[in-house]
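There is one chain below, alone, in structure tokens, taken in the form predicted on its own.
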């Protein structure tokens, strides 16, 4: 396993990490979660990603129980949560957003579910137009001062809002955000590669990217339709299926057909090609994997051994296939 600094911070995260979005509770329960977390940890993974909204808090409960049962030393791994959407289907006004009240209470609730004394990483899951950025920055700073959060960051925030958060933090001697969690894959590149480009230079922004396989599209399993048991068949995720069936979705499937030829030629799976491509970006601190089985997870973890095959010539061919 390779370990990368999270931006300019001193924290070193495994280049591949493991997250629970969609899978925990929706597809796997505690026993399978333990097996997947154990497999990841044994392979060198030291970051496990979660959020208050994943399965309405059930995901954090499962991860907390699994980590407690596995008995790993707390100083050997990092765990995250995210705040914004709340942990119920119809949250009341004070149960979502980035107000000081919700940020504080959501952190305490996440700690209880995860059975942790502190969060290594805590993300503002989206920007909140109804809350002043200063209020959120102050709340996050206070959680850091209290020792309940070690690093705080953002997820899918516009660059201008991240800049504003840094400006406020530096002006008021508060703790600035250290990382951002954006979507990044062969089909979604603009924000990570262009919009955030000045932030890597000016603030040393770290990135913990999600959906490196474009919700499974980049595995090739959807090339002939939606297989039973896949995440696109899950209740509440119909939007993924609809996206696959529109014009953009059809174009993506066509691109995957071309990419699969490159992957076969290189002796790797389509998923490994997509993950290795993400790992090639030096501004990616860690790539979050989401797997519903140990077999699938092991295949994805093996992407670390495939990165060296992506030469400049291969990267050019990949770019042409997705153009």
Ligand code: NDP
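Worth saying up front: this structure is predicted, and the values here are computed from it rather than measured. Positions refer to the first chain, counted from 1.
The same protein also has a form predicted together with the named molecule, omitted here; what follows describes it.
Enquirer: Taking the named molecule as it sits in the model of the complex, is residue 290 in contact with it (heavy atom to heavy atom, 4.5 Å or less)?
Expert: Residue-level check for residue 290: yes, a contact with the named molecule.
Enquirer: Looking in the model of the complex, any heavy atom of residue 52 within 4.5 Å of the named molecule?
Expert: No - in the model of the complex, heavy atoms of residue 52 and the named molecule never come within 4.5 Å of each other.
Enquirer: Classify residue 213 as contacting or not contacting the named molecule in the model of the complex by the rule of any non-hydrogen atom within 4.5 angstroms, answering yes or no.
Expert: Residue 213: yes, in contact with the named molecule in the model of the complex.
Enquirer: Answer yes if any heavy atom of residue 87 is within 4.5 Å of a heavy atom of the named molecule in the model of the complex; otherwise answer no.
Expert: No, residue 87 stays farther than 4.5 Å from the named molecule in the model of the complex.
Enquirer: Select from the listed residues 56, 39, 32, 27 the one whose heavy atoms reach within 4.5 Å of the named molecule in the model of the complex.
Expert: Contact check passes for 27.
Enquirer: Quick one: of 221, 252, 96, 141, which gets a non-hydrogen atom within 4.5 angstroms of the named molecule in the model of the complex?
Expert: Contact check passes for 221.
Enquirer: Give a yes or no on whether each residue among 146, 175 and 285 has a heavy atom within 4.5 Å of the named molecule in the model of the complex.
Expert: No, none of 146, 175 and 285 comes within 4.5 Å of the named molecule in the model of the complex.
Enquirer: Counting only non-hydrogen atoms, which stretch in 255-263, 277-285, 66-74, 293-301 is within 4.5 Å of the named molecule in the model of the complex?
Expert: Every other range fails; the passing one is 293-301.
Enquirer: In the model of the complex, which residues of 118-133 put a heavy atom within 4.5 Å of the named molecule?
Expert: 125, 126 sit within 4.5 Å of the partner.
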